[in-house]
Structures are given as structure tokens and as C-alpha cells.
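In C-alpha cells, the next block holds one chain alone, the form predicted alone.
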Amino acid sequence: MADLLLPDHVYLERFEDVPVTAGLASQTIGLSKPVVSPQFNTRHLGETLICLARAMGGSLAASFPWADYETCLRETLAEKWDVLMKDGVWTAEQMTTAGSSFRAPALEAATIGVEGEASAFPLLLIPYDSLRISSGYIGDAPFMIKTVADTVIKGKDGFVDINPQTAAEIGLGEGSLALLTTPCGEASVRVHLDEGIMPGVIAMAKGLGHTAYDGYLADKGVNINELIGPVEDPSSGHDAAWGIRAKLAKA
């Protein structure tokens, strides 16, 4: 149904710069190089943009003066190009101060704590990802939901995993219906006993509790995002909500 098709090369057919902006001690740029010629009538996305700009003319064309995308990369990377072509990676010298590694003062800030008082919420609720449940914006397809174990979701009921020792202290058994409460909300869940879960910890799969989509996915399980509030990392200011204190009680 499209009016215009602009197919891109696959990664094996094109040049691609790979900047690494965080997580390493030094600035690092990688370069992937084509290993085969384009197999079909495709064009690198960067080159498509250059051609479109040239066709539009004026100041837009002047902003894209390169003949092709490879020339754009070569001129943009400048003195890094030869190193990248030879080694595939360029790394800046590590920043040092007085002979020691540079370290930002903000990283010395105190570590964050888990939200909730231990006296009121004795358990720690941890979300986990599952290979069979999509936890992004798009939900699972009907077939994938049918492959999810009935110890994760059964009918419309979602489960929490809990160590048998912890469950026994609360008076819960396999499949028991329980009320899960956190400082952010509460939900009705069922219990799955799992020796692999540390005592005092409960775990719940991400990607359930949708209110949209079809009858295979909508209104099934619990949306764990409604039970875990945002927590700010004082070092970076980013959200760091990987767990929250909780309690379970017989329903």
C-alpha cells in the first residue's frame, strides 16, 4: 500500500559507524564494513537521505554535500578513518588526572534504597523477563501466550514465585490465592512455590496485565508496572525501579 519503497542494505552489505557513548572508560567508535555486494535493488539509508536532499535543492541540499554515504563517513570520521578501516575500532586515550583514572564526583553518591518500609512490607518483589512474554509496547501473539506455563499465568490469574519456606510462614501453598500489596498498589495473584527463589523474595513476570489487544492477552495477569513506582538513582537521575518492598496475605 506504500507510495514509495526505499529498501535498505542488510548489515552485511553496508558501512556502519557504531559509536559507544556510555559504559566504557574511553570514547569508542566501531566500524562495520560490507562483506558482500548488495544482492538486490537496495540502497544504504544514509545514501537515500543524501539523494533526497539533493533532489530537494536549496539549503537542504547544501547540508548534504557528499557524493555517497561512504564519503560522508570518511569525512566525518576524519583522522579516525584509517584506524577504523585497519582495526575496526577506534578508542580515545583514557582521561587521567594526576596519573590516576578520571572519576566523576557524582558517581560517589550514595546507592539507592528499595522503596517501602521493611516492617510493613517484609518481602522484596522483583520483576523478571520471560522469553515467552513480550514486555515491550507490543504484546504477545496468541500462539506465544498459549506456550506460557500455567505457573506464570492460568486463565486470567497471574502468579508470583515464592520460596516454599517463605510461603509456609505466611500460610500459603501451591496455587493459593493471595493479595499482593506494595507501597504503590495491590493486586490479586496466585502463588507458585519455587526453590530457586531466595527466601524473603517474590518474583513476577513482566509483560502481563494488558487492558488492550485480543481475548488471548487482554485482562490476563497483573501489570507489575502498576505495583512498582519510579525510583531515582542519585548518581545519574535515571529511573532505577528494579524492585520494591511488598507483602502477601491470604485472599
Partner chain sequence: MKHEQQHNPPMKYGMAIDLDKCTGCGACMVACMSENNVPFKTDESNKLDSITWIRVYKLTNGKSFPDTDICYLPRPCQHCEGHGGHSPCVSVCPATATDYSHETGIVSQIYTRCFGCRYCMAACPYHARYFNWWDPVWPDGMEKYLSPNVSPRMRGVVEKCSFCFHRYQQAKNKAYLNGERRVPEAAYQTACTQACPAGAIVFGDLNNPEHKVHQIVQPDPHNGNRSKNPRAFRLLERLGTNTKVYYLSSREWVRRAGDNYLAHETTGHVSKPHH
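Whichever C-alpha set is largest while still superposing within 1.5 Å between the two forms counts as the rigid core. Residue numbers count along the first chain shown, from 1. From a predicted model like this one, the values you see are computed outputs, not experimental measurements.
Unshown form predicted in complex with the partner chain; subsequent notes refer to it.
Student: Thinking of Tyr137, Ser176 and Lys206 as the candidate spot, does the partner chain come within 4.5 Å of a heavy atom on all of them in the predicted bound form?
Tutor: Contact check failed for every one of Tyr137, Ser176 and Lys206.
Student: Just to be sure I understand the contacts: of Ala168, Ala149, Val89, Ala120, which is the one whose heavy atoms reach within 4.5 angstroms of the partner chain in the predicted bound form?
Tutor: So the residue touching the partner chain in the predicted bound form, by this definition, is Ala149.
Student: Among 67 to 75, 81 to 89, 129 to 137, 177 to 185, mark the stretch whose residues have heavy atoms within 4.5 Å of the partner chain in the predicted bound form.
Tutor: Only one stretch qualifies here: 129 to 137.
Student: Using 4.5 Å between non-hydrogen atoms, is Ile197 touching the partner chain in the predicted bound form?
Tutor: Yes.
Student: Does any part of Gly215 reach within 4.5 Å of the partner chain in the predicted bound form? Heavy atoms only, please.
Tutor: Within the cut-off, so yes.
Student: Considering only heavy atoms, tell me if His44 and the partner chain come within 4.5 Å of each other in the predicted bound form.
Tutor: Flag for His44 set to no.
Student: Quick one: does Lys220 come within 4.5 Å of the partner chain in the predicted bound form, counting heavy atoms only?
Tutor: Yes, Lys220 sits close enough to the partner chain in the predicted bound form that at least one of its heavy atoms falls within 4.5 Å.
Student: Heavy atom within 4.5 Å of the partner chain in the predicted bound form: which residues of 155 to 191 qualify?
Tutor: Gly155, Asn163 sit within 4.5 Å of the partner.
Student: Please say whether, between the shown form and the other one, the C-alpha of Val36 moves by 2 Å or more once the core is aligned.
Tutor: Result for Val36: yes, a 2 Å-plus shift.
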